[in-house]
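Presented below, as structure tokens, is a lone chain in the form predicted on its own.
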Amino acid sequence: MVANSFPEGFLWGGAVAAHQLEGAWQSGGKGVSVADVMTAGAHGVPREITDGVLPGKNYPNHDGIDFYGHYKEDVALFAEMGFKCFRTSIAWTRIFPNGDETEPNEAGLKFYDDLFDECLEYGIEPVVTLAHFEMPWHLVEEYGGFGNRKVIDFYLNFATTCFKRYQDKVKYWMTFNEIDNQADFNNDFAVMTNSGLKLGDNNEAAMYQAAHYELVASALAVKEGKKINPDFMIGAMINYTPFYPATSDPADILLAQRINQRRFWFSDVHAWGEYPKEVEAYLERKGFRSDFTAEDQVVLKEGTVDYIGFSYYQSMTVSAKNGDADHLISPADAVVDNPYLETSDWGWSVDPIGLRYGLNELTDRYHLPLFIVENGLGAVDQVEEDGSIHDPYRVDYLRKHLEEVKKAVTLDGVDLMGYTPWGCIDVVSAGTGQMSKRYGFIYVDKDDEGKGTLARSRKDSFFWYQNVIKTNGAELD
């Protein structure tokens, strides 16, 4: 008989990132991060990465939703929904304002002590990402971000400091958020938020080198974390976006395979401790990644991850008419519309079956536990005159995805640790800087111009998800 619910101890919760909700960008000694120099954008209008914080520009992450001042209220709402875990990140610049200090900022450490204590008081396990698009801007300006091997040591100091401080409060960790985003190496947002790189003459070569340093930094962090607390579960975190071939034309199929390989190699190294053959051959052919030492090779093998955390929002479809498998400039150049899928208001395909597909593919590839740490629908919400917020579109999206997740767990045997839908409370969108692109179960009264009371209120989806957790996924309707 097939089970109708999820495994006992399944980690139901929600996910956010420090820079998108905390605000208080200069409070408690916090320094400037890459997120602090990103202006507001919109659908079709990219965010600008400015040369430092400039007067007259709108930087929505500076204020976020003031989680820094409201975290007790917000954690209480998470507990009311029944959260078993809460995924957030530690803002690197709260702990090391410039990134290259030797001693941490005590006020920043204390904030996360208080936050994690508040979560644990309600029985909510913190799930913590160390680097979630929050590199100190000083490391970008002075060192060139992860384009410089020295930044490995700065990251390791940050990671080790957090592991030691919170070793009795945090069990679940992830080293880098969506590290594979930078496969789109001509996208300044992707390479800046991941590696702190500024676009230059050879973006692809720079990305491969910087990503290698990040993977070495991750492996070193895993090794140090296990010394501090052997019970830590330290995972990778990728943006899982399957690329489908547009047709059964073998050229389309090979192209899709190649693009998927160019994204998978990040998690391949995390999980296997070595580079896949196809990527090794590609790097050799292109003359990329000049700095890869014998010591790096040992470190990567010794610092493999315990699980694969991933986000899933959409699938993409590619056609060889836009670029062949051996001469592809960037994956985005080959993307075409998929006539079988609907799209969101922001143009993202809606593909619940793709999540089941991904759970099986990641299981087959890595033979590790999996953790869905982001999944959700960005949409415009309307507040009614009585204050209610009806969001059946969000419930429908999440229900359909969870139905496929349940099949993967109960029918396909996937080892899944938990599910934390993105933006459990409305936050500043990473991609656009908007508040109007809302994901949360909890509405925050703030608009794209930064106006509003910041009052929190429950959407209909709040009560739906509350029941999903209460029934351990047995009731999804």
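Counting begins at 1, following the sequence as shown. Everything quoted here is computed from the prediction, not taken from an experiment.
Not pictured, yet referred to below: the form predicted in complex with a small molecule.
- When the small molecule is considered in the model of the complex, only one residue from Tyr419, Trp422, Phe67, Phe441 comes within 4.5 Å through any heavy atom, namely Trp422.
- This chain lacks the partner; the member of Gln209, Asn177, Ser89, Thr241 within 4.5 angstroms of the small molecule in the model of the complex by a non-hydrogen atom is Asn177.
- Although the partner is absent here, Gly431 sits close enough that one of its heavy atoms falls within 4.5 Å of the small molecule in the model of the complex.
- Interface membership of Glu374, defined by any non-hydrogen atom within 4.5 Å of the small molecule in the model of the complex, is confirmed.
- In the model of the complex, Trp348 approaches the small molecule with a heavy atom inside 4.5 Å.
- Heavy atoms of Lys437 reach within 4.5 Å of the small molecule in the model of the complex, making it an interface residue.
- Proximity to the small molecule in the model of the complex, taken as heavy atoms within 4.5 Å, picks out 126-134 from the listed stretches 71-79, 126-134, 381-389, 224-232.
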